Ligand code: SAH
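Quick setup: one chain, the form predicted on its own, written in structure tokens, and binding and motion questions come after.
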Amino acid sequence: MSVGMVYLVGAGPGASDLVTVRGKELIERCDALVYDYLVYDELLTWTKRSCEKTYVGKRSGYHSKPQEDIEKLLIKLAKDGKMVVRLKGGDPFVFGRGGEEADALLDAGITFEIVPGVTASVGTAASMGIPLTHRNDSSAVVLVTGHEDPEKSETAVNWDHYAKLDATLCIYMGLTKLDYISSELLKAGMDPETSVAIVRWATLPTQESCIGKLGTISKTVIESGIKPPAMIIIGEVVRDAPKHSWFEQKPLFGKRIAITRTRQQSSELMHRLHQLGADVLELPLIKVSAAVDEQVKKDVFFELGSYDWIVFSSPNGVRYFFKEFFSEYKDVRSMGFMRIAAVGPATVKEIEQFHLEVEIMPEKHTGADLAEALIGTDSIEHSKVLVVKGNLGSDDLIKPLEEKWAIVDRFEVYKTEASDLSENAAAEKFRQLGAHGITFTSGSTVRSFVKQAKALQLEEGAETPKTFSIGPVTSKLMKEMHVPLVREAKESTLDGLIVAIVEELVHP
């Protein structure tokens, strides 16, 4: 067996979109992932299913594995022929003990590569709008640890020296020793009015921060309630942080939103909410998978050229239809000359990926409105219509067409089922903390939410979420199933849903 390779990869300061392209590529390809406490959970979802994941995190007062054992694990995994990613918060060579791990790999004859990451001080400063260097305030930056090896007999940090520099001090892992650090800097002559920023979970929607003066910063931190891990930035460059702060000014910053779409479909909504500053909890209440009756498929494809209309009632219908279509045909022209109708813009977007033009989309994005729009073309009577749907689709679309003498064939290409959230980490967080809002984007998410009410029962003190519906069909089912409705999107799209959330939570 050939020996594998180890990649020491920086995970950046927190946010998943600040990981380097190279880092993301390696996480997606690796056979084994060895990761730290400060690695954001989302990064762990990038791995392939067969990836072996090992948590070796260290936090104040708790080490899951001694450093020597981590190094032995990396060597063993590589000798087993695996491609190994050692994923470390920030940059692996900035207070990440990457140098020690590189030495151990070198001694063992293991090939390795260093993939840098945005280190915590740089990420923290950016999220707070703090220029680490400024022509008028600071001509140098000092990166220093506030938590040295406890086995050292003497400190290697010369606070007296750093106090006299015309530099910005970025102190890693120093919050528990803030009293000592600040007193040493003050004793060395640093001005007690010097500005200080303390930032926890920088670049993430859960970021917490406080700004104060060196002489009273310990009291400010106690009043703010900020706990480790946190970055300390000291210097006059911090002075204008409240003015420059952009990250914490996002409209949904500090708001936790639970989204209930399938995991495959949640990425766009999650990304959009993240961009607005929200802390997003994915609650995949439903799962969608291909489900096709082979005989029905055979019959539909045999008659495909005879249909006048093909009607798609959801984006999932489009995805799974074309998956089946291209398993039989190589060319989209094999569909013939049928006209195409779709229920809403998300469905249209999926269809247009195949360079096909949608002729009909109703102003209101419901099955009933789509039927009305089709009937309004005066082309339905005695026409052959293929409706592509899932197992839970209603008759709001099909029944009106049949009443107008259309010949309608139903083609179910996927099934929607309830997911099991009893062991889901996001569901556990939802139970403990609750949310400011929860979204429902289909009737199936509503049914699954009601079915799993016990698994999602909020604990005492948790935030009770306001409920948001994507449109009238979902809202109707919410009312029927006694799920309180706070606000319905004016337009049945993700844009409409996001507007409703912002209006309710930010500008009620």
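Everything numeric here is computed off the predicted structure, so don't read it as measured data. From 1 onward, residues are counted along the sequence shown.
What follows is about the form predicted in complex with S-adenosyl-L-homocysteine (SAH), which we do not show.
Problem set entry | 4.5 Å heavy atom contact with S-adenosyl-L-homocysteine (SAH) in the predicted bound form for all of I259, P284 and A426 | Judged in the predicted bound form, none of I259, P284 and A426 sits within 4.5 Å of S-adenosyl-L-homocysteine (SAH).
Exercise. Looking at 402-410, 433-441, 368-376, 226-234, which one sits within 4.5 Å of S-adenosyl-L-homocysteine (SAH) in the predicted bound form if you count heavy atoms only?
Worked result: That would be 226-234.
For this session: Note which of A120, L74, V238, V343 lies within 4.5 Å of S-adenosyl-L-homocysteine (SAH) in the predicted bound form, where distance is taken over heavy atoms; exactly one does.
Result: So the residue touching S-adenosyl-L-homocysteine (SAH) in the predicted bound form, by this definition, is A120.
Exercise. So which of K389, R339, K82, R200 reaches within 4.5 angstroms of S-adenosyl-L-homocysteine (SAH) in the predicted bound form, heavy atom to heavy atom?
Worked result: In short, R200.
For this session: Give a yes/no on whether Y172 approaches S-adenosyl-L-homocysteine (SAH) to within 4.5 Å in the predicted bound form, heavy atoms considered.
Result: Flag for Y172 set to yes.
Exercise. Does the 4.5 Å heavy atom contact test between G393 and S-adenosyl-L-homocysteine (SAH) in the predicted bound form come out positive?
Worked result: Contact check for G393: no, nothing within 4.5 Å of S-adenosyl-L-homocysteine (SAH) in the predicted bound form.
Problem set entry | F95, heavy atom within 4.5 angstroms of S-adenosyl-L-homocysteine (SAH) in the predicted bound form | Output for F95 is yes: heavy atoms within 4.5 Å of S-adenosyl-L-homocysteine (SAH).
Problem set entry | 4.5 Å heavy atom contact, G89 and S-adenosyl-L-homocysteine (SAH) in the predicted bound form | Yes, G89 lies within 4.5 Å of S-adenosyl-L-homocysteine (SAH) in the predicted bound form.
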